[in-house]
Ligand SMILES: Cc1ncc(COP(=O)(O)O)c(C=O)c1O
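Take a look at this one chain, the form predicted on its own, written out in structure tokens.
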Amino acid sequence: MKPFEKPTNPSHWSNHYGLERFQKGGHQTLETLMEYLRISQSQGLDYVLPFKDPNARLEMWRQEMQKGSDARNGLVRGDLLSRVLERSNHLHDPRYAGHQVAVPLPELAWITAATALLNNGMAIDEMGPASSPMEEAVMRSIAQYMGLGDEASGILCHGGTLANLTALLAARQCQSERDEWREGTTEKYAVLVSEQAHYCVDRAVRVMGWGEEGTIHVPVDASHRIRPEALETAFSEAQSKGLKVLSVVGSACTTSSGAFDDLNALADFANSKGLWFHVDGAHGAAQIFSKQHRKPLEGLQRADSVAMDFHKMLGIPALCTGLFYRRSKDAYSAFSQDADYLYEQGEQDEWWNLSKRTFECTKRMLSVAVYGIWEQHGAELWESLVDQLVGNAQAFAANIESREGWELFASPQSNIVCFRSTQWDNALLRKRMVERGPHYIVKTEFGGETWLRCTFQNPFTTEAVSTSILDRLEALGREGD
């Protein structure tokens, strides 16, 4: 077929751009998703996680793919959505208390659909005429709300791992006496971070070429918080090895136990040594929106950079992470690279060309959902969500403490609760729960010992539902007696 010639094949790609097909599919999708939400929220499903061996699941999808569709005139099989819904982890079920992933606000599905249809890549201003200024406006406003100051701003990116790496790249460029981006790294750099910090910090260090010794793990106390007095020792030991420490990273909070480092103590140390102070607040920085639960974040406003996931406690679909800078100009330090085919001649710090501050060139329109909530509700909606989720965790922790045969790791400061049975094998309890349901919880290890872990992500997880988690675990434990 010649270019611009009208296609004659009825199964040609042009059929799939038709408005009638789009409208019909939209109505069907709406009905399917409405029913799914109704059943999920009412706990009408047999399991939160439909457990099956990974290889068995792979084989099932492979066989279905090979069979193909009986109706070749559709873009996808008509039952594909139903199969995906049935076989996925059901976060909208109040019995979900697993990993740190938001239960998305349902109406954001429509914003996500609209931005997928628009598909404005946002690398440069011309590809984000609406979403780029939306991002700059909302990130400046939230950064200032967080207390980072009038010069603060930020960017959105796909995930906390990428945000933490970008922040440390900026720290390297700002702290080094050389232009590391252009000339390459020659010195042996290092960062100070909690031994309980998320693995992505160590991964970022290795990606930057600093090797295993570039991550200096600072000892923690019994509650998994960095021991401030250990910072000086760790710093001196690093120097004795010929390492140049550029940054200290605070955890707010740790993903394993929900512990918050003393951010003021870390800020004091960073200032005394002239270090970049970064806060990995991917999970817990969201508590800044709660008057009731922001106390663990005291000192956050003193950070040079902060990572915060909107897709953890704030109801935004994954992935959507904010990387905030106390000095907005520092965001341009991470990447100093010329790309004449993208940019018009101009200043390096052009906020409207977002790819100057992020790894991503093509980037989803992440700002629309964040802007929409902030414009309509300010901190109010997020405050109510955070209060509910942390409140659920605290009620669950009190329940654990009131029961015989259970041990609480620490009083929760966030929506994460770690606990264990003192009479049954905890790894086996978790295995039985995953395989038999109906709840979904996870586990972690401290000092080689298994602890069960609940992250209360669903605001509809009532105290009765969380109590049923313990009841179910006890029933599963008694099966082995």
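Numbers for residues come from their place in the sequence shown, where the first is 1. All values derive from a computational prediction rather than experimental measurement.
There is another form of the same protein, the form predicted together with the named molecule; it is not shown, and what comes next is about it.
- A heavy atom within 4.5 Å of the named molecule in the predicted complex is found for exactly one of H311, R357, K363, R95: H311.
- Of the listed positions (S305, Q287, N164, S367), a single one reaches within 4.5 angstroms of the named molecule by any non-hydrogen atom in the predicted complex, namely N164.
- Stretch 154 to 162 is the answer when you ask which of 295 to 303, 82 to 90, 154 to 162, 401 to 409 has residues with heavy atoms within 4.5 Å of the named molecule in the predicted complex.
- Proximity of S132 to the named molecule in the predicted complex falls outside the 4.5 Å heavy atom cutoff.
- Interface residue remark: Q100 is counted as part of the site for the named molecule in the predicted complex, having a heavy atom within 4.5 Å.
- The closest heavy atom approach of S194 to the named molecule in the predicted complex falls outside 4.5 Å.
- In the predicted complex, the named molecule sits within 4.5 Å of a heavy atom belonging to H283.
- Taking the named molecule as positioned in the predicted complex, the residues of 241 to 267 that bring a heavy atom within 4.5 Å of it are, in sequence order, C253, T255.
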